[in-house]
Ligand SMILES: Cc1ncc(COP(=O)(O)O)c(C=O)c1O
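One chain comes next, on its own, written out as structure tokens in the form predicted on its own.
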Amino acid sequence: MADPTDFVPQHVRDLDVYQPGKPIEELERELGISGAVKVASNENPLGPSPKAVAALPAALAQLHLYPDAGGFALRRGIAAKHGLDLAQIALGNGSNDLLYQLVLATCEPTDEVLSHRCAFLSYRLAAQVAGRPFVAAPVTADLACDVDALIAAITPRTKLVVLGTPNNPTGSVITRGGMERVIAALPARALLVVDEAYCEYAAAWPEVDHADGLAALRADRRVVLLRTFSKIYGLAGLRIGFAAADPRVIEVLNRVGRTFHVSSLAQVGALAALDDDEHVQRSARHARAALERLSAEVAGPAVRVYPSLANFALVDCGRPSGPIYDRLLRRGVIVRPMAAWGLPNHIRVSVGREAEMPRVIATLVETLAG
């Protein structure tokens, strides 16, 4: 009998599989424990936007109807909030969904998707799923985007340059000048995709120079901005994000997007959350305070906590992190091992609730010292 996967194209066989963080319920069931803390998936520990939660019940009675395929009300709200035109906005199931659409909509088979070695794994996966080449430029000694190396990796085949700022998993940012240099180096046929999933957290660090994707979009039509409601707005379970770009790019995105792919509840929740500035500011302040405490208290001869402007921190354990990850799990603290990023000595620790952080930090310190 022939192998049932013989029909699968080689580029699909070669795909890396994205591994999400371990759920609390699964860990507690496996180990027979209770009270586990998950600081692995960069979720907002303060929960969803209260305005979103309040808006959702009224929408339940309409679940027998298909959602607005054009997402008019939400797109109008996003455009008004950010000073954009309605034609510059597209919706997706989180910002990742839109990145996959961008690859499908813009890349010929030989076109390259370019990022750097410590970028979010989905950038590579979006190219691989479509069978497009992915190029990872070297990073700096601090694991941040090396702008010079990135520019050197641009070729006539480069179609999309994808940069996260703040970047997941390092928490590092692109400076304003760095982004201007990348844009200046773009081939005429290429787009710069700026992933700002964590940009609202970066706003809590006004003293740090970091690029503004909206300003870059206004200055150059080749910039595509991706944002999400999953992080600071706390709506990860609804899966919704948006792209902002030149209307011609949005029109092409809409050609490859699936009909009715953003649910009614997601649109209602996101529209309500969009105006929840109090929740956003409180979440950003909480993340900065938690990261400052984590950086101050997690220490050791070979341990390093990398600076971060997001709601997580990358920690170099100074030795292979697999055994450390396992010991943390057995003590009920779920972090994210970073071997899949080519960082076998590192873990990523998300911000937890205020009452959880002392336990998270103490468990980290004790485990790293063991």
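The model shown is predicted, which means the values in this text are computed figures rather than measured ones. From 1 onward, residues are counted along the sequence shown.
What comes next is about the form predicted together with the named molecule, which is not displayed.
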| property | result |
| --- | --- |
| Proximity of R222 to the named molecule in the predicted complex, heavy atoms at 4.5 Å | no |
| Distance check, R75 to the named molecule in the predicted complex, heavy atom within 4.5 Å | no |
| is_contact(Y198, the named molecule) in the predicted complex, heavy atom dist at most 4.5 Å | yes |
| 4.5 Å heavy atom contact, R239 and the named molecule in the predicted complex | yes |
| Contact assignment for the named molecule in the predicted complex, among Q267, S115, Q101, S230, heavy atom within 4.5 Å | S230 |
| Option touching the named molecule, based on a heavy atom within 4.5 Å in the predicted complex, out of G257, G178, G94, G234 | G94 |
| Segment that reaches the named molecule in the predicted complex - one of 78-86, 296-304, 117-125, 179-187, heavy atoms within 4.5 Å | 117-125 |
